[in-house]
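For reference, the chain that follows is the form predicted alone, supplied as structure tokens.
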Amino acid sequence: MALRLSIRRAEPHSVDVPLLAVALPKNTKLPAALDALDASLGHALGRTLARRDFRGARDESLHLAGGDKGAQRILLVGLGDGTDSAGALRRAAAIAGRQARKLGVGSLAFWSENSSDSAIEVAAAGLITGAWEYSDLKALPPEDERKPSLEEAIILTGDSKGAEDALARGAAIGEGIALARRLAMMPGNLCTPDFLAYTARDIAKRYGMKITVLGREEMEKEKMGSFLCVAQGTPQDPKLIAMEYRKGSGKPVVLVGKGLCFDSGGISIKPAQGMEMMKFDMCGAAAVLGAMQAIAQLELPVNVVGLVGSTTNMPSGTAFKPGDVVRSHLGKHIEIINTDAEGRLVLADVLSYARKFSPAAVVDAATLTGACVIALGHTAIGVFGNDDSVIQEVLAAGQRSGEPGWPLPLWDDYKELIKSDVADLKNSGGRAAGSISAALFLKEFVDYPWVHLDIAGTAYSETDLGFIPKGPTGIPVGLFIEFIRGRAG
């Protein structure tokens, strides 16, 4: 059930809700706007802050009992030191949404001293993020143990004339992220290439986009030998999905996502421990679909094409194997060194296919290399590209969305890593500089301004992050949206 969002122009003490979430910065004094609420609580808020029982650190939270009237419960949520106000407010709203869902309240109100349009937008997206859960495959608990579902969130604001529009923008972004997380969380036997195509068709139908879906037969006609070799080991039909959103003028921006619905590693099989996490190898594709939905909801005046390359990488008697040489869509021959370096083989043909749209710029996202996790951990996206201005646009979009990236080099010196003895290039350069050699491989298939996002460390988390549980993060939906908003002016 989607979370209902609304705006209410009201003071915090006057709202009658099961839970009132109050976002406060680090080491703050009680804001004047909370004086009446504090009085209704017997000055419990003021005492709590004076005693420093709550200090407002990032992700810090504290529950207080409500008064006889108004909010039944108060949740204080920390914003941290305020150096990243948008990101901090988004996290605080997500914590509020998550805590409300855990408590089993049907509605909550959210207040922060910043009630600007931009603050309302990020708070709305954050509330949806926190309220999200994937429970489709879980049986309901016994009736006497069930808690009410969180159905409504109210953002308290002043007299902002643009509040409703800001709320709608935040809801579109939050719902796009939620879609990406849901697709990623689905098990691989349910979220198949067919299901991704079904989801794309549904989005296209609702928002009037043109959609093209190529299957195995159509890709054979396109001579996509690099993509198709990955799909050799599975009976599932691979899909290349192209969604065209045409609301602007000029050349389109193309967003590309890797959609490996499950990656066993193929003949170069992965270790058994943790292999179930490889259902997340389609997070790039999920992000493209989530971003395309949000872009359409936002009605951005720009042309955007979303491309998804989807299959599964399985070992079988028909699977491709180390030592094989395949011909790509672009005509370059590729020696297979490691069948677990399959994402770049799919993306090579999708990036080559992107030339059909005469793109102004292309940004691809892929859970591509474990090497990027070693280099940057789980905080920053690895950013590579062939155009400095577009790289800077992407980095700026990442900062605005709270999905930061870090640029890594594509120097010619590294090309030695992917030289082949028998073909034009090989698909793996080994462990050293693994994320760089993978990006250099992709660069061989582009002739337009291009940026590659390696999201292997950021697309999902194996631990609870506080503001969201372990599992998919929705990254880089927000970055994609901000990049397109920047292009839309």
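All of these numbers come straight from a predicted model, not from anything done at the bench. Numbers follow the displayed sequence, beginning with 1.
One more form of this protein exists, namely the form predicted together with a small molecule; it is left out here, but the text below deals with it.
Of the residues given (Glu121, Asp349, Glu342, Glu403), Glu342 alone sits with a heavy atom within 4.5 Å of the small molecule in the predicted complex. Shown without its partner, this chain lists Leu417, Met185, Ala371, Ala86 as candidates; in the predicted complex, only Ala371 has a non-hydrogen atom within 4.5 angstroms of the small molecule. Although the small molecule is omitted here, in the predicted complex none of Ser226, Leu330 and Asp364 has a heavy atom within 4.5 Å of it. Shown alone here, Ala456 lies within 4.5 Å of the small molecule in the predicted complex, counting heavy atoms only. For Thr48, no non-hydrogen atom is located within 4.5 Å of the small molecule in the predicted complex, even though that partner is not displayed. Looking at Lys270, you'd find a heavy atom of it within 4.5 angstroms of the small molecule in the predicted complex. The shortest heavy atom separation between Tyr448 and the small molecule in the predicted complex exceeds 4.5 Å. Comment: 275 to 283 is the region of 68 to 76, 275 to 283, 146 to 154, 217 to 225 lying near the small molecule in the predicted complex, near meaning a non-hydrogen atom within 4.5 Å.
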